[in-house]
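Okay, so we've got a single protein chain in two different forms coming up as structure tokens, structure 1 first and structure 2 after it.
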Structure 1
Amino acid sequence: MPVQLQHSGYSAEKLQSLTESLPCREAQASTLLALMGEPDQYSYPSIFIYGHRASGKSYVTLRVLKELELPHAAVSCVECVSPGLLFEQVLLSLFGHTAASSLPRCPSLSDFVRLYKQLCSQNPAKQTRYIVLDRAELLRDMEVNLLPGFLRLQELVDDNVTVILLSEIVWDKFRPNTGLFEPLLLHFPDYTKAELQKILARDSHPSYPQELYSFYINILLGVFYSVCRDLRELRHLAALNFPKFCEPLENGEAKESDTHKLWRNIEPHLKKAMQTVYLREISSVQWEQQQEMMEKEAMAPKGLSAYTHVELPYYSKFLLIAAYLASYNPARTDRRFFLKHHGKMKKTNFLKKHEKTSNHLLGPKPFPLDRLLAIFYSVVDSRVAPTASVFSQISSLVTLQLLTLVGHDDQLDSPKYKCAVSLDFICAISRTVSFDIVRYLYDFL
């Protein structure tokens, strides 16, 4: 049963239609309305609403303000590259075009407040004006006076105005050490699985029954809920994969009641989508095309490594391998790995390992050029001696960001490098030149 919103000062009809457009967020809308009070009463100078991405912060706030026709300005801080743009949008929404255009070029907060004061003395607020700042965490990176200024805007302009800030970051991370006007904090909790189910199921496809779509959403949540609770992302995934779900129905392989069959068809597909679409490895369009291709060629589904594929010259591959070894093996073990006749080295001495110091946990270590070259000549040895310019190949690896230069400015003569590729990647590269890299890695002995 949806809660009926009841707030004096607002028309019951509008509240009714508001309730209908805010499934699973009636309680939040109601709290917000209670805090706002009647349209002409004062509300708290600043309200900070926080909650996870896609938990309905902007949606609820804006629906409430729009549906109830309250004077407001909604600005996303992502779009405001300069404070000037922000001021302009606020004045534009609250006071119209001429107002916004009377801002000077590169306006300061002082200009904004002065103009605002002037405008509202001509046109005093009969109802609370609201300024909604979405992605408010970005205000922290703009001029330092902006955030504290907006928080106490009511005091600064002496108008009935309330600033609502929206963010997915907790308020504690906003507070500078000299403190500021503390806003009222309001939390939007995450949707439960049942609520997500309810909201997503509302998008059902016109040519299929509601129950079927609901069943599909249930499967989708079964796969994705444990990694992703972002409604927007889930909705996107749902729309994208629905045609695949319907396939057996379309070509008559299954009936709507064959739930098990439908499930068997879609589940592996969704799991695959998690590896690609969810990670943005490929775009949704690519994903659709690829699905078509795969059906035509009846290819076995490929894993991740299929996409991480870079074409490199033969010797560059060995250089990269050498760099990887230099980054992840301790220098003292080079003799053991790369010297043909390395004499006696006590095995116990050599294998001094603690899990704590595993190099694959700590990340690549920088190495000097000569060590790289020594390893390179040793791994490439019996094969054709390199004639190509090793140095230019190294610099192109740096350009490709497979290697990074870590040398300090004051040590120009002895640059150091780090290898910047993953184990999976280097294994794939090694395979293409038939080099068994794992045998040469200290961590895997």
Structure 2
Amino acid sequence: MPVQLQHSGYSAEKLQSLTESLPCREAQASTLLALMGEPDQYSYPSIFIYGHRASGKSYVTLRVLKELELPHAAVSCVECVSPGLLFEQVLLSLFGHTAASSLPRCPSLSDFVRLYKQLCSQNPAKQTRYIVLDRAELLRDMEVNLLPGFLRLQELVDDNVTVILLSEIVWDKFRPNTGLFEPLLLHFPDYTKAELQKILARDSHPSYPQELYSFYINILLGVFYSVCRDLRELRHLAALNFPKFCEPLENGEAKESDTHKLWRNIEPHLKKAMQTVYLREISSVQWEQQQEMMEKEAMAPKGLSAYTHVELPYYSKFLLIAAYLASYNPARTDRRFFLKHHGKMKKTNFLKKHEKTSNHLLGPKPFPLDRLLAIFYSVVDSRVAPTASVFSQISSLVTLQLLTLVGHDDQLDSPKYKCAVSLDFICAISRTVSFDIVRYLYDFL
């Protein structure tokens, strides 16, 4: 059972509502209320709240201030790239637009203190005013007197104001050699697995029972808890993969009691989703479309085209293009395709009897390494030095089974290769580097 928040300065109804909205953070909220004291009393000048990302620091602090209707200004130091923007946001939240517009063009800390003190004399505080500075570690990169000034702002403006600093790093990283006013410290520990289970289970889907969603969250945490403790990331993953978890129920392939079947259905999708943890390279809609395409590919016949979704480095693509040209073009045609001044050559002039059949029907032919490199340096659009990186990329293509190494035992100094990809695949690779490979293929002359 959650611990009920208690404080003599606030009504029981507000504290009850606050307790219900802060699951697994009642202890930290109770400590924060104790540090804040009575609404009309002078509070401690500054409080430093720290903890890892998504441990509830901002949510608990702002929820307490909003639920108890306390005057406050919440400012993100990421958005305020200069002290002037920071001062403007504080004055705007506490005293209104007119007060913020009274700041000079490039205000200093003394300008802010002077204007704040003037506004306080006109509108004295009936309750403690709170200034919440999120991502407070960025204050260290601003003016040197900004952080010490906020820590003792109550003394400078002679008003009932408390500054709350929120940060992901410890206070020891803030303290300069010259020293400054020490704030009260409040630590927010990471959520335990049981606490994450309790919080995430509150987001249950209205179309399904609470027990089913709790079972799903238990599966999710079993996969992701060892690599991710971020509540926001886990909540995003839970919402993203829940439709896939419910597919057997919607298709009539399983019942809600068939937990083992539901687990076997969702496990491979969660393992694939683990590759996107903390990454936002694609949107949720794109991820779902990608999952559908992967399912269709899994049902299709397997072959070399299964590699079409692999992304290769830039020069590896040209190496593969050069390998394809070397495998499917006769060696005597290299002069025609890759020399600028080759003279006039007709296709019939160098057709032999066995070459009248299409090379693509006969299959790839082996080629030596020096021919591969010669074609590579000809087709690549920039000057590339023959470094070890080029040779390592050739080895990587062999490892990926895009190239096949042949005859290497007998010819140690001159290994031979074959290209092992299809025409569709090499055309797709060529399009990504804007190379018209068909113009360089002997069969399509």
Partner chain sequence: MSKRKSRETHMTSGECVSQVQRILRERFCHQGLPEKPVGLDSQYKHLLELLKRTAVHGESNSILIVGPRGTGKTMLLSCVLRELMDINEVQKNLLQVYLNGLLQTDDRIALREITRQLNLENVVGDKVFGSFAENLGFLLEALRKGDRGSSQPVLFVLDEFDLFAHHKNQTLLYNLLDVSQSAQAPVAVVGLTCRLDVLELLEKRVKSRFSHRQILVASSLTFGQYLDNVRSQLSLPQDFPDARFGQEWNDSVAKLCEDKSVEEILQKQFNSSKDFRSLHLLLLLALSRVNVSSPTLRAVDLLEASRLCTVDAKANMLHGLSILELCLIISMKHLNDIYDGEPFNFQMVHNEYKKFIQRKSNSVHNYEKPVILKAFEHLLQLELIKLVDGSSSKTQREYQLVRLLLDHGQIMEALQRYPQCPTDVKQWAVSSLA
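Just so we're on the same page, residue numbers count up from 1 along structure 1's sequence. Whichever C-alpha set is largest while still superposing within 1.5 Å between the two forms counts as the rigid core. No experiment lies behind these values; they were computed from the predicted model shown.
- It is structure 2 that shows the chain in the form predicted on its own.
- Residue 437 is among the residues whose C-alpha shifts by 2 Å or more between structures 1 and 2 once the rigid core is aligned.
- Once the rigid core is used as the reference frame, the Cα position of residue 329 differs between structures 1 and 2 by 2 Å or more.
- Positional change of residue 22 between structures 1 and 2 stays under 2 Å at the C-alpha, relative to the superposed core.
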